[in-house]
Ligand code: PMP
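In the block that follows, a single chain appears as structure tokens, in the form predicted alone.
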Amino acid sequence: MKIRQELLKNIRQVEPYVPGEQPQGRVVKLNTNENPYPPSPEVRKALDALDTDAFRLYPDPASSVLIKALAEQYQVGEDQVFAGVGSDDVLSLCFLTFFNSDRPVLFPDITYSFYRVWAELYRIPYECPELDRNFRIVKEDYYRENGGVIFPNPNAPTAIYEGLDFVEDILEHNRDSIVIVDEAYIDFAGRSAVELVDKYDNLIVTQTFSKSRSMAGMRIGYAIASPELIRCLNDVKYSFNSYTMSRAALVCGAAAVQDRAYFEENVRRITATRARVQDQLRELGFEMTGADANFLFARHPEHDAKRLFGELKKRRIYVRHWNDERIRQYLRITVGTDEEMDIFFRALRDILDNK
């Protein structure tokens, strides 16, 4: 039955975020930037030790066990850490909490597309300064009056990381605005802006367990900021949903944080494979924007990206492609295991040889 226009006019409608495909069965899945390796063995131990009888009770709304582990890891106060259901949940609450003026929020034109969705959903005015011709953020574009600033570092899908001097410059020029640095991929790149949190009361840094900690399916994200900003974030959370994180997520997240050695080895394996993939792509004639994440953003000057995407998909190999004008000739390729990347390259060579 078709809904009447009288009803539609009062229903909030937005253009939703479109996630990467989640194909089933035996595939090479290089389209959603998941970690190809399992979580720390300590996560399995934590799961096995869970008292399932306690599942009848609500989880700790303060997420204490996880926040304590994160605070110790980053050497900040527990009152400087906020946890949520993936960094998407954390970022959405940040939009709702901190972006409330009539001035536009600023974020890049090519970036994580959820920013635009949240701005539309919460009726927040926004503007998107263009990346330069090399797909880098132009920091001077963020010197003007605004209602807040958000950008990923490294940026996605470009895989370009900017150093802390760059981040600090934007912070200095926006002392009266909240600046959110989304560090979903920071562990594959360089120094984190967490180092700047005690210096800048307008800074919020968000991170996730979905990439470097191999826990995308558990949905854990967090923010680090001044105690006052974290208090404001918690006030909104408790007004929205007090019990956001499950008991399992809290104890498993804490176990993952505490196994530092496994985490570091996992990151090392992925960055080593990334370097090999980068070299092989160059040998095949591909060009890349950056290499500071667990994926690469690549184009071939002689081959259409949409065709390559389609041919790979026919072979059950999934990468990511967008039709946006500036990036439609690029593919985003997640770094998988060495075996997965070997399968990918055999298929890619076959496609390039049979154009």
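One rule holds for the numbers: they count along the sequence shown, beginning at 1. What you are looking at is a predicted structure, and each value in this text was computed from that prediction instead of being measured.
The same protein has a further form, the form predicted in complex with the named molecule, not shown here; the description that follows concerns it.
Peer 1: So the named molecule isn't shown here. In the predicted bound form, which residue out of Leu91, Ile186, Val257, Ile170 has a non-hydrogen atom within 4.5 Å of it?
Peer 2: The residue in contact is Leu91.
Peer 1: Go through Ala156, Leu281, Ala119, Ile230 and name the one with a heavy atom inside 4.5 Å of the named molecule in the predicted bound form.
Peer 2: It is Ala156 that has a heavy atom within 4.5 Å of the partner.
Peer 1: With the partner removed from view, which of 204 to 212, 273 to 281, 129 to 137, 244 to 252 is the stretch that lies within 4.5 Å of the named molecule in the predicted bound form, judged by heavy atom distances?
Peer 2: Selected range: 204 to 212.
Peer 1: Report whether the minimum heavy atom distance between Lys237 and the named molecule in the predicted bound form is within 4.5 Å.
Peer 2: Lys237 lies outside the contact set for the named molecule.
Peer 1: Within 4.5 Å, heavy atoms only: does Phe82 come near the named molecule in the predicted bound form?
Peer 2: The answer is no: Phe82 has no heavy atom within 4.5 Å of the named molecule.
Peer 1: Residue-level question: is Phe95 within 4.5 Å of the named molecule in the predicted bound form, judged on heavy atoms?
Peer 2: Phe95: no contact with the named molecule in the predicted bound form.
Peer 1: Is Phe99 near the named molecule? Define near as a heavy atom within 4.5 Å, in the predicted bound form.
Peer 2: No, no contact at 4.5 Å.
Peer 1: May I ask you to list the residues of 126 to 152 that have any heavy atom within 4.5 angstroms of the named molecule in the predicted bound form, in sequence order?
Peer 2: If the 4.5 Å heavy-atom criterion is applied to the named molecule in the predicted bound form, 126 to 152 yields only Pro152.
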